[in-house]
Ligand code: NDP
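Next up: a single chain in structure tokens, the form predicted on its own.
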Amino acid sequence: MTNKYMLDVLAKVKARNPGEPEFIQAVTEVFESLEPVIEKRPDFVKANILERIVEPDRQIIFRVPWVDDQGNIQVNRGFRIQYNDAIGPYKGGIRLHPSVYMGIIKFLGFEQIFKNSLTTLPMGGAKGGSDFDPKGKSDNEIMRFCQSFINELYRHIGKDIDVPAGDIGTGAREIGYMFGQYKKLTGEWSGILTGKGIPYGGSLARTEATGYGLCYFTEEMLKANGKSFKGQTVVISGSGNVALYACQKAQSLGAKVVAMSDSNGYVYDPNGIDFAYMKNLKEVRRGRVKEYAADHPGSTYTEGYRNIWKVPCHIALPCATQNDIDKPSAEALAANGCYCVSEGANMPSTPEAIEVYFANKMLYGPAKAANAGGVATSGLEMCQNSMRLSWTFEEVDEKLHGIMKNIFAACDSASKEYGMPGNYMAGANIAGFLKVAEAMKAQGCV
């Protein structure tokens, strides 16, 4: 990157946000893609779009006190970043994990701006969360935490203002507790949260959406390059919702998924992962992937989740967490015949890993495009709530498939228009940015 305006803005970002490497990484990656756009559009420089888009509209930090089952008062920290609402109400998940701090939420919110833009639905970018860890907590402890969290957050959200959703650590149980408390505090039933249970306004296919959408996007990318899932070996990191349903959809498209992981290690099954067993293990029993190997002769369990990328495969779908694939992992993938990496998690590849993908001419589906199926279906849930309608699973899945096909087409088209054919990372950044930048420019200095 050589553009002086862009370098100056990036320097300000680094100076203003010390100790937030994930956020700086996300901004740098986007800026590197946008250089040809900024060179071509001096009106964006005049309107100072970049300096405005990197600064959140609002950053909210609050205390979350709750009582554990022993009667002790615990205190966590809550966050909500309302990043940009140029094209619609703020929209983004709530992450509950000990690693959560402002830099993580800021990076996720920044990415969400462009991801939501790519869906073509009217949604701005936001993200929230807490350093609370749901693991090992009772249902009552989780309920008390969620109610306390919403006791503050409810002041800042609304169906036409900011609509949170789930993320890591925040599933249907947590969303249910949050929704119930919001309703009690406001006396209002509205689609204020997405990822709700089916009986009270949730959307069919929401649980499957990110994993399915990942495979729909990847299939389009493969097809555009003369390939498909059929007969290919796939490795998937993670074993949560995204990973599980990416496994199911990849198998239905003719692939053989041979490995999945959790935070402790990974399981390898040369016969192909038993999806029904894994689904029961993770969703019903809430067990660890180590148990899979004990019940499946011929499969093996290995400690250390990063080692999963040493398993030979054609297609890698990282669906766990940020910076999951580093340079050595990417090099191992390339050496073992992997020709496609498509991201189900948020920013799971380090910048050095991405360089390896491009150096080896691997197909690369960036997270903000490839994993947009979850937020796209959240947008569809908002539509159903607004219209007081409920679509069938097949109707939602069909709409999701169409959205993901259109996202790939937009990435492909932008990459070609700006002289980087096949660089879908640049295409996603450019296509997502242009819509938001035009809206910001049209609305003036706000």
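Residue indices: 1-based, along the sequence shown. Everything numeric in this text was worked out from a predicted model, so none of it was measured.
Below: the form predicted in complex with this ligand, not depicted.
Taking a 4.5 Å heavy atom cutoff to this ligand in the model of the complex, the contact residue among N76, Q232, T321, Q181 is T321. Among A316, V242, I105, C215, the residue placing a heavy atom within 4.5 Å of this ligand in the model of the complex is V242. Using a 4.5 angstroms threshold between heavy atoms, K361 stays clear of this ligand in the model of the complex. Taking non-hydrogen atoms only, D269 never approaches this ligand to within 4.5 angstroms in the model of the complex. In the model of the complex, I150 stays away from this ligand, with no heavy atom inside 4.5 Å. Taking non-hydrogen atoms only, K135 approaches this ligand to within 4.5 angstroms in the model of the complex. Of the candidate stretches 203 to 211, 221 to 229, 291 to 299, 327 to 335, only 203 to 211 has residues whose heavy atoms lie within 4.5 Å of this ligand in the model of the complex.
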